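To begin, one chain is listed below as structure tokens, in the form predicted alone.
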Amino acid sequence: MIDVQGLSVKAGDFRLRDINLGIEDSRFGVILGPSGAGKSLLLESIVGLCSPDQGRVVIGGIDVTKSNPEDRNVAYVPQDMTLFPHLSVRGNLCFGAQARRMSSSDINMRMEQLSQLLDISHLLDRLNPMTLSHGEQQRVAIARALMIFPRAILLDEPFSALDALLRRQLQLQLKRINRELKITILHVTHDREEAFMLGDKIGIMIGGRLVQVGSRDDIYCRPATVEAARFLLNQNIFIGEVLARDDQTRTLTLGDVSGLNLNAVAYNGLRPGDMAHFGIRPEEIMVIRPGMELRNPVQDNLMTGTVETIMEKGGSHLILVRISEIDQPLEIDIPNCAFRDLELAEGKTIQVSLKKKSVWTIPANFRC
């Protein structure tokens, strides 16, 4: 297990502040955040390349805060991969294992296993690894890191420079490595889709702080801060007062300052009179088909509006709908198949449902 406890690290004018993070053995953890959030600095602190001002790093139950990097039994793949240009691909893979005096038979067995897993067997005899494609170099770097049987592997934005197809292939390979080798992985990315595809646990880092850590469902359905919600493209955000709470049906009634009232599932301690931020993801809003029979989940938070703008995104369409009770246009993300069936067009009047189970709430006085 990787266990980071109250970690604070200063690097120039930037600081990581009070980082707490636990990634269980054999699980896949992801740190998600914008550029400059401190994600790489966190990995470097866990690996031992940076010394913390306070806090602890515990790996496998052992406090390694003051240990040298080579004594932590974790592998690190930086963004630039740092393959050795003077060694062949095979030589790169063997380097760390030979330094740790692994036997030749163990090295060959491990190399065979990883070469097949990462599909690099045909590259082993390449004399200059710098002649490999970026994707091939990335697979070699990951294989080299895994050669030493580390307790965990830490990856810093490994796929950021790859095209979409190759990135998807390597994402699938990385998930397979996690499953088949049962190795703990901590992966840094700014790509929201990648984080949700890979992570068993996701931490959102903004401005040197972990503002939220949780499962995919926690992060997606219940953002902990407005900053986290906005980073995850929650643009339908309102602020208002809790008007009522029904603990029997677990329902909150929220009133926005502009006059909008919404029902939401009561999953936190908000009570009547409390101020709250609340919102809903664009893809969670349902456009009602004319004449459609409305079942229970859809009957809450019904409203009518006019389509202002339509933008095609590739696999879906983003539409902006003007609702009379809302100061800002409502963002709705609709899959292409549904968009075509609904025959939506700018200027068209539509009915939408903001299902109460999809409405999230945050106390308005919350601070990171």
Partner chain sequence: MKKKNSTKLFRTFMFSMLAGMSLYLCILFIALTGFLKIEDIPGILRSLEIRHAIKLTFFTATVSSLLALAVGMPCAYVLSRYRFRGCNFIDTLLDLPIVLSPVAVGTGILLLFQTVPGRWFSEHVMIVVFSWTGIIMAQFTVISALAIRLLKATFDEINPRYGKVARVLGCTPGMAFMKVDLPMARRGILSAWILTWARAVGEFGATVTVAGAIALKTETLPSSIYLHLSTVQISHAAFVMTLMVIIALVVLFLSRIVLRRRVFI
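Positions refer to the first chain, counted from 1. None of the values given here were measured: they were computed from a predicted structure.
Quick note: we don't show the form predicted in complex with the partner chain, though the next part is all about it.
J.: Give me the residue from Glu70, Glu312, Asp327, Asp341 that has a heavy atom within 4.5 Å of the partner chain in the predicted complex.
T.: Of the candidates Glu70, Glu312, Asp327, Asp341, Glu70 is the one lying within 4.5 Å of the partner chain in the predicted complex.
J.: Identify, from the list Leu233, Ala99, Val257, Met275, the residue with a heavy atom within 4.5 Å of the partner chain in the predicted complex.
T.: For this set of options, the contacting one is Ala99.
J.: Taking heavy atoms and a 4.5 Å cut-off, does Thr131 contact the partner chain in the predicted complex?
T.: Contact check for Thr131: no, nothing within 4.5 Å of the partner chain in the predicted complex.
J.: Indicate whether the partner chain has at least one heavy atom within 4.5 Å of a heavy atom of Leu302 in the predicted complex.
T.: Residue-level check for Leu302: no, no contact with the partner chain.
J.: My question is simply whether Val74 lines the interface with the partner chain in the predicted complex - judged by any non-hydrogen atom within 4.5 Å.
T.: Close contact exists here: in the predicted complex, Val74 approaches the partner chain to within 4.5 Å, heavy atoms only.
J.: Heavy atom to heavy atom, is Phe84 within 4.5 Å of the partner chain in the predicted complex?
T.: Answer yes; at least one heavy atom of Phe84 falls within 4.5 Å of the partner chain in the predicted complex.
J.: Within 4.5 Å of the partner chain in the predicted complex, counting heavy atoms only, one of 267 to 275, 143 to 151, 223 to 231, 181 to 189 shows up; tell me which.
T.: Contact-bearing stretch, as computed: 143 to 151.
J.: Out of 24 to 48, which residues reach within 4.5 Å of the partner chain in the predicted complex, heavy atoms considered?
T.: Contacts from 24 to 48: Glu44, Val47.
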